[in-house]
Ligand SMILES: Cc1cc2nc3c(=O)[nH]c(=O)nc-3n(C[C@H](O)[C@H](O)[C@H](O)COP(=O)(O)OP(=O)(O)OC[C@H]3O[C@@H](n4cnc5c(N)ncnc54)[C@H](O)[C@@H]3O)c2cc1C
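One chain follows as structure tokens, the form predicted alone.
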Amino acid sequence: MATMGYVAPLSVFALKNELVIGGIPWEFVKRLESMGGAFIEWPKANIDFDVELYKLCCQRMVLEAGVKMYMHSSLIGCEMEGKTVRSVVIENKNGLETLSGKVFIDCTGDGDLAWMAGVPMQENPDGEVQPCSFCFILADVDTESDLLNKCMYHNGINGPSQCKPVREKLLALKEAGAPIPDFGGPWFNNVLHKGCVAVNITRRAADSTDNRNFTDTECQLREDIFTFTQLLKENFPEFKNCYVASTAPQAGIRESRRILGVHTVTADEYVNAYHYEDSISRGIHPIDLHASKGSGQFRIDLDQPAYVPYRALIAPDYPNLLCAGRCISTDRQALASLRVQASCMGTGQAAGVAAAQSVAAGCSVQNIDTQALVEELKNLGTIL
């Protein structure tokens, strides 16, 4: 979502200058910073980044680790033996290819592999999902203006990251009858280049697991991008010369499939920082539930970092499948915090270590030594 969705900044790595997400995710941040591609916004440690250097840093770290990549490929199926995943089927210019493995980790966001394998999914009682946002980059913006300086840095020091003057103006225009689409924020985000900002403002409900629905929604959102750009040009001198320099390759997705795991993280557990024996990652981003219609947003700020149990990454009876990112087992409210990128990185690291331990021990992902998992994560720098 950072590079395919222009979702910035990476939120949130710290509370009051104390790291909450560490280990390899933080190693990545520091390496990106050393390349000139990241700016760390303390005390929350939100990470502003250069999109292209982010891609390069990821590529280098993955290749250095010896990972074999299959880019420009789509997951189209899996081969099962009972509830054991034996291989996945991908399609690319080489045709259909089968990749076998001992353990599989689903980091698709939409839980695609888990769904194909038949893992039961959570159901939202009201059938609603949080809306998608199609982010974009504006150039020739007066990023040194007072308006932008107060909102494009998400450290909590200069005021709220939501740009209230722009929000209030857009709401007033809409109230007066102007044909303004639903919007969120808006949030203007630093991309480390003078005169450029990443913009998160568009908002439409969509089912990202339905190709036709998601396609139609993206088309509507692309229209919205240019509608809002024109509104900014006409109503705010800071944007009078701006233009759309780039739109993200795809809309950003806040919510879709979530597995029904061995344990489902609830909002009550999350807000109260319930500590599980198998806690493998944490989170400190507010519970941030965007309304599917209108411009509303439900938010709960956390007083202390929350925990995520290993059991939320696995489903009962699927011995070699793990999930990480926003398709783990949570209720809607807990997901509204855990869906953000720093938290996804934390669960991803835990899934990777758990998979390695499952292979080494020759046991199912349900039967690994979770205390050994916790200790190894601590050795990697995870803050637990």
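Note that residue numbering begins at 1 and tracks the sequence as displayed. Quick caveat: nothing in here was measured; it's all calculated off a predicted structure.
What comes next is about the form predicted in complex with the named molecule, which does not appear here.
- The shortest heavy atom separation between C107 and the named molecule in the model of the complex is within 4.5 Å.
- Of the heavy atoms in A355, none are within 4.5 Å of the named molecule in the model of the complex.
- Residue contact with the named molecule in the model of the complex: G156 places no heavy atom within 4.5 Å of it.
- Shown alone here, L75 lies within 4.5 Å of the named molecule in the model of the complex, counting heavy atoms only.
- By the 4.5 Å heavy atom rule, the three marked residues K83, L313 and S364 all fail to count as contacting the named molecule in the model of the complex.
- Partner contact region in the model of the complex: 334-342, out of 27-35, 60-68, 314-322, 334-342, criterion any non-hydrogen atom within 4.5 Å of the named molecule.
- None of L232, L221, I253, I137 but one reaches within 4.5 angstroms of the named molecule in the model of the complex through a heavy atom, and that residue is I253.
- With contact defined as any non-hydrogen atom lying within 4.5 angstroms of the named molecule in the model of the complex, the stretch 258-275 contains no contacting residue.
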